[in-house]
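Same chain, two versions here, written out as C-alpha cells and called structure 1 and structure 2.
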Structure 1
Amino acid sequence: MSALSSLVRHARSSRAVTVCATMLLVIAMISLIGPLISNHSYFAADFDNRMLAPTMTGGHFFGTDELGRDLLARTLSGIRVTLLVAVIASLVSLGIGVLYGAVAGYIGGRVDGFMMRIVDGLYALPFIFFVILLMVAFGRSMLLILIAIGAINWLDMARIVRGQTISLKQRAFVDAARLIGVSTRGIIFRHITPNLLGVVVVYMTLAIPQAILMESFLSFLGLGIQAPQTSLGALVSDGVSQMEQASWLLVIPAVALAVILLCFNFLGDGLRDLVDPKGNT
C-alpha cells in the first residue's frame, strides 16, 4: 500500500490535481444527492411545462425539454449513468490489462514478445466500429456496452503494467520470494500486482475519460444508453435536435460533459507527471 499512500501525499501538493479531484467529487456527490432533494424525476413528462427556459424561480433551474421533463434532474441522472458506466467499464479494462501485462512482463522472453505483438496488432484496429456493429447485431444493452468498452480499453493498461512489472521483477523481494519457492502465479498475484497499485490508479484516471468518451459517442449516435434512461451523450444528442428552439437543451449537458472530461484529463495528466515525470503524450 506504500505506493498508493506516497501517491496521495504527492498528489496533495499539486494544485491542479487537488482542484480537479475536488470538482469531480463534488459533481459526483451532487448527482447522487440531487434526486433525493429535487421533486422532479428525470423521466416524468409534464405537458403543461414544455420547453421552459432556465430560470432561477419557478422550480426548473435548467429549464425543461420537449416533453416537459426537468433538465436538471435529467442532467444529474445523465452524469450518474455516464460516471457509473465509465467506472465499471474501466474496472473491466483494468482487470484484463493488469493480468495480461503482469503475466507478459513477468514471464518475459518469447511469450512476452508474442503477447505484446498481439497488443500492437490490436492497437491498429478501429474498435469503435466493431462496437457499433455489436450494438446493431445484438441490441443495445447496458451490459454489452460495459463489456465492449472494457474489452477495448485494456491495451494501454497492459503496456504500462508490463513495463512496470519488468522493472519490479528485478527487485530483491521478488528474488527472495522465488528463492523460498513461491510459485509464479503467487509471485504475480501477491508480490507484483500490489506494487502496481500506484501506476494502475494513475492510468485508471486516464482510462475513465476514454470510457466516458466511448459511451457518450455511442449514446450520441443512438446506439448506447436507451430511453427512459439517459446519459450525457444521449442528452447532447437530444439537444442537437432542439437547439434552434431551446439552446439550453444542448448547452447544459454539453458543458457538463466537457467539464467532467476536462477534470479527468487534468487529474490524470497531473498524476502521471508525479509518477513518471518524463512520460509525455
Structure 2
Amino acid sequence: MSALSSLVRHARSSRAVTVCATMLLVIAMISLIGPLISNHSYFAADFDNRMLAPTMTGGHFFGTDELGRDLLARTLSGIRVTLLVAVIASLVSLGIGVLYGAVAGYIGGRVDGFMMRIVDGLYALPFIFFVILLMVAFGRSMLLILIAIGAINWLDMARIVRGQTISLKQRAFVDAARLIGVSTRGIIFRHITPNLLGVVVVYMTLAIPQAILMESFLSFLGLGIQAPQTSLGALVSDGVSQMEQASWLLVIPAVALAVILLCFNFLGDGLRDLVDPKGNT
C-alpha cells in the first residue's frame, strides 16, 4: 500500500489535482442530492409545459424538453447514470486487466506470449460490431453496456500492468520472496499487485473518461441507456434533434459532459505527472 499512500500524499500538494478532484466530488454529490430536494421527476411528463426555455421562475431552471420533462432533473439523472456506468465498467476492466497483466508479466515466456496474442486479437475486433451482436443476442440493458465497455477497456490495463510487472519482478523484494518459498500466486497478489496500485489509480482516472465517451457514444446511437432512464449521451442525442428550436436541450447536457471529461483528464494528467515527472517533460 506504500505506492498508493505516496501517490495520495503527492496529490494533496498538487493544486490542479485537488481542484479537479473537488469539482468531480461536488458534481457527484449534487447529482445524488439534487433529486431529493427537487419538485420534478426525471421521467414525469408535463404536456402543459413543453419546450420551456431556462428561467429562474416557474421551477424549471434548465427548461423542459418536448414532453415537458424537467431538464435539470434529467441532467442530474444523466450525470448519475453516466458516472455509475463509467466507474463500474472501469472497475470491471481494472479487475480483469490487473490480474491478466500481472500473471502474463510475472510468468513470462510462452505463457506471456500466448496471453498477449489474445489481447492483440481482441484489439482487432470492431467495438461497435461487438456491441451490436450483444444487443441483438441479449437485448438492451445496462448490464450489457457494462460488459461491452469493460470488455474493451481492460486490454489497455493489461498491457500497462504487464510492463510494470516485468520491471517489478526483477526487484530484490521479489527475489527474497522466492527464496523463502512464497508461491507464484502469493508473489503476484501480496508483492507485485500492491506495488502496482499507484500506476493503476492513475490509469483509472484516464480510463473513466474513455468509458464515459464509450457510453455516451452508444447512447447517442440509441444502443446505450434506454428510456425511461437517461444518460448524458442520451440527452445530447435528444438535444441534437431539437437544437434549432430548443438549443438548451443540447447545450446544457453537452456542457455537463465536457466539464466531467475535462476534470477527469486533468486529474489523470496531474496524477501521471506526479508518478512519472521525467516521462512527461
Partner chain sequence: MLRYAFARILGAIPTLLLVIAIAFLMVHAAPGGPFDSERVLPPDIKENIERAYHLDETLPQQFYRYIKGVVRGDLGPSYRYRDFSVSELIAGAIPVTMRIGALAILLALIVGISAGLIAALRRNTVLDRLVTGIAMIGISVPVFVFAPLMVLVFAVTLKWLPASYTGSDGADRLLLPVIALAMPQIAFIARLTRASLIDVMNSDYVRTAKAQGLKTLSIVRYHAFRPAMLPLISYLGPAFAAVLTGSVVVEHVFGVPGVGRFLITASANRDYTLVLGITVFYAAMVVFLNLVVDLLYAFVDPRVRTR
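What you are looking at is a predicted structure, and each value in this text was computed from that prediction instead of being measured. Residue numbering: structure 1 sequence, from 1. For clarity, a rigid core is taken as the largest C-alpha set superposing within 1.5 Å between two forms.
Here the chain taken from the form predicted together with the partner chain appears as structure 1, while structure 2 comes from elsewhere. Superposed on the core, the two forms differ at Met116: its CA moves 2 Å or more between structure 1 and structure 2. Superposed on the core, the two forms differ at Pro126, whose C-alpha moves 3.2 Å between structure 1 and structure 2.
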